[in-house]
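Take a look at this single chain, the form predicted alone, given in structure tokens.
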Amino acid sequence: MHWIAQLIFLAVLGTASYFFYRNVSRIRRNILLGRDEDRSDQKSLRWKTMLRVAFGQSKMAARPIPFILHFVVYAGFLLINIEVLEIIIDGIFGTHRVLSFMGPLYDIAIGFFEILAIGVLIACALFLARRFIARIPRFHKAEMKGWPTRDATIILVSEIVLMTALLLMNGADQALQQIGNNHYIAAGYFPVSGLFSDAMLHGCSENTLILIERSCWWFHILGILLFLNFLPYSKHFHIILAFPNTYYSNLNPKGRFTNISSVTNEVKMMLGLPDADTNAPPPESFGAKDVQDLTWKNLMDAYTCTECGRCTSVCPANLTGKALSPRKIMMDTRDRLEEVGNLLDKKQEITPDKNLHSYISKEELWACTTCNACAEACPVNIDPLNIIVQMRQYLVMEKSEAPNELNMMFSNVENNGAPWQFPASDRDAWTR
């Protein structure tokens, strides 16, 4: 009857893989709705940045306690997947612990995975305690109410349950090995599950142990596949996108702003500069009205956001009670992008009466001091300021909706060639 279980496993694996591929393709389509931007330069530096920031978790180290906890979960995610790979092979071919041919190396690996599993379980429990007992302020800002908090809770509880199932599976497996069941070959070292297998499973019959082991085996792999398909709907998709997002980081100095090329060309033509493109078509729009006006990297940033709130916790505008939260900028961008993507999926028209500015208010945009503290603090090199500046450009150049203080400055620059309210002829008056 093993072949029936193999067919069921193949059907489940195939179905889960199909839906994951479809959801990832949808997110890729959404990201590519953004404007083109060349981030293919300095490949060597980009690889170093990705290895340092994404693999090495270097920017997490600014806060040691969450860094240690996150690193345990991160290492567990990477390494325990080797055991998940073995489970998949066993499920397809009906084998059991197929990688046990590695001998002592296999025993060491299983033992290390068990230590990691209990580490992940403890770290996730502490993360929940930080959220709901210690109530770290950045986890309880206005934008975190509702789904964002439920999302984080679902993931943390799921990881605790999955690690528990893995350890219980190994405990039952060890007990069956000790009994001498032919299918459960002597393989692996169980330093954690072995501690409670004697206490919890002592006296269980062979059939009961097989039922426990098989139930936990199926529960664990089905949980992994469900977790995989939950990721595209969750902020935890950063598990995957953190690596390309850090590779395509902005390598320019953080204080450097990007000019609008069409405006630059217009100025060059006005000044009669030889490198002006006189055949360039007139610009159709300025800045970002909606998500399609942002670059694909801005949209990748939105999907990569972990909602950790480090950006908001260092934002001087937010700290002084202003409406701006850099985390909310990224969450709103992602929400609007998802809305546009859903309209495309349904082949419905994207109406002009709703856009990204329907999500992000002018008060939020103009509260930004452009200090780049948010971009500096982000663990995966997200740049909320770039989105803010593009949306400001739209307000100023398309809607003429700059604050009065800026309009006064614009007038002074136009009339006096400087931001101040006196002519150039009086500019040196202060020296007298």
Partner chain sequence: MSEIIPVPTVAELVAKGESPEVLFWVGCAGSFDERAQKITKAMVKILHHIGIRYAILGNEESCTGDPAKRAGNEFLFQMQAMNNIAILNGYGITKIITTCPHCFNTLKNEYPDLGGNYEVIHHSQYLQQLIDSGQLKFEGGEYKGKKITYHDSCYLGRANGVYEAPRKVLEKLDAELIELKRCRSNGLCCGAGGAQIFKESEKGTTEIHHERAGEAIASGAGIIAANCPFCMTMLRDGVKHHNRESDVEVLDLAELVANANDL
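Positions refer to the first chain, counted from 1. Note that this is a predicted model, so its numbers are computed, not measured.
This next part talks about the form predicted in complex with the partner chain, which is not shown.
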_in the predicted complex, the residue from Leu211, Val263, Leu128, Ile108 that sits within 4.5 Å of the partner chain by heavy atoms_ = Val263
*Could you work out which of Leu33, Ala61, Leu51, Met397 is the residue within 4.5 angstroms of the partner chain in the predicted complex, going by heavy atoms?*
Met397
*Taking Pro316, Met409 and Ala424 together, does each of them reach the partner chain in the predicted complex with some heavy atom inside 4.5 Å?*
yes
*Contact label in the predicted complex: Pro403 to the partner chain, heavy atom within 4.5 Å*: yes
_Contact with the partner chain in the predicted complex for His96, defined as at least one heavy atom pair within 4.5 Å: yes or no?_
no
*Taking heavy atoms and a 4.5 Å cut-off, does Trp3 contact the partner chain in the predicted complex?*
no
_Pro419 versus the partner chain, in the predicted complex: is there a non-hydrogen atom within 4.5 Å?_
yes
*Location of the partner chain contact in the predicted complex, chosen stretch of 346 to 354, 269 to 277, 184 to 192, 139 to 147 [non-hydrogen atom, 4.5 Å]*: 269 to 277
*For the stretch 72 to 101, which residues lie within 4.5 Å of the partner chain in the predicted complex by non-hydrogen atom distance?*
none
